[in-house]
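Next comes just one chain, in structure tokens: the form predicted on its own.
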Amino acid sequence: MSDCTRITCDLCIVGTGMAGMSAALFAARRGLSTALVGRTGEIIFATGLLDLLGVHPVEEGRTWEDPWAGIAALVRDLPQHPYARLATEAIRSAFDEVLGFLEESGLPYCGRPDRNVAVVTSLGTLKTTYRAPLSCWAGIEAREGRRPCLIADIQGLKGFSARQIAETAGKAWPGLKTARLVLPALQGAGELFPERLARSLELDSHRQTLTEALRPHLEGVQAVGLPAVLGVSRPAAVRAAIEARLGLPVFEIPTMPPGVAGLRLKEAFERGLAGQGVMLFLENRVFRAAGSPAGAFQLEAGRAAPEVTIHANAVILATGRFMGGGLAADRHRVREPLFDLPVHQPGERDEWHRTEFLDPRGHPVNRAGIEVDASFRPLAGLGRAAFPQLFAAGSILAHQDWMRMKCGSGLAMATAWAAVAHAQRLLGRGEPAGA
């Protein structure tokens, strides 16, 4: 331990998914010295679509055109849901701040005021979401206007079939044409990986190869749909260059995760947070964490072994659920491995899952997680905070099924906003922010 680097900060955020990244952004902008530590978070599996609330009640599969009305109904029906602890303006402010940050980072989003939109997926189905990357927008408008379009896939790229999209979406979207492009200069032999293809299209010569392959298929179409592989670090410029060559709007269709959309979000956050002065300990895990009743924390983090000791006045736990490592399960119980916090869960192991895998109600274990007080501090029992300056945000929170409710990004951003605001208030640091 004597060889470990030692740092001190106001706030340490554990977890590099959407909740952790958003919390680091909010904290740094409010004058808190901030450390962010975590392995590749669940953000790498993001589709790029930012949900607020799409479905409630899940057992009915009811979708909402107005997500704010949906949230109001959800809060009435499920008063323990994390959204019930948040004012509407806090949710709006969190979403708007992250969207502004992403636009500054070269990843603009779009949508309609107070409305969800429907985005065609790589399966040809429709996904209800609140905000979509600008690169998807021409496709959203084309589908709504029933405009004839070309959907093209690329030989060797797995998990994306233009023919399947057209067959599934074509009943409600007539005039879809399909093409399979062969791009030997880009793909070589065998499988073509999305990240490699996306980075190759940042070269002008490879964009020219793509547009030349598209030209023979453009007759009678008003827009061109491609898999979401049009660049990683500067997708807007890549798409604009392709549109200029084709003389037609070009739109991206989200691919199966993990894909380029998650990489874009990850890299945009990492670049932007470094510029905000956040101390980044990426691809690190926290080996040990200890807190005191006075509120101070000590965390030991590193790659294969402890390399840095972080002394923090407050901690936000944004470690996600099972995939992110925020929750772990054995044959008997679900547990929180870092602080050994109590986890809300079904009482018996055989109550975790319903009999039918696709039961529309979802499985009870999907709503397992950490219970918190009004300040988003994890509870140790009897309504008592486990530590005075330990907070939690994102999908680790109990009483929500973000995947079925289509509320993952909104939940992550809004609870991160609230956790930072409460931490800031207790620390008495930085510029005030509402929660």
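Counting begins at 1, following the sequence as shown. Since the model is a prediction, treat every value here as computed from it, not as a measurement.
This protein has a second form, the form predicted together with a small molecule, left out of what is shown; the following refers to that one.
For a residue to qualify, one of its non-hydrogen atoms must sit within 4.5 Å of the small molecule in the predicted bound form; all three of 43, 50 and 402 qualify. Here the chain stands alone, but in the predicted bound form its contact with the small molecule, taken as any heavy atom within 4.5 Å, falls in 403-411 among 403-411, 367-375, 381-389, 60-68. Using a 4.5 angstroms limit between non-hydrogen atoms, residue 234 is distant from the small molecule in the predicted bound form. Taking the partner from elsewhere, residue 249 is found to have every heavy atom lying beyond 4.5 Å of the small molecule in the predicted bound form. Proximity of residue 313 to the small molecule in the predicted bound form falls outside the 4.5 Å heavy atom cutoff. By the criterion of a heavy atom within 4.5 Å, residue 111 is excluded from the residues contacting the small molecule in the predicted bound form. Note on the partner interface in the predicted bound form: the residue among 361, 92, 199, 127 having a heavy atom within 4.5 angstroms of the small molecule is 127. The contact residue chosen from 55, 37, 32, 398 relative to the small molecule in the predicted bound form is 37, the criterion being a non-hydrogen atom within 4.5 angstroms.
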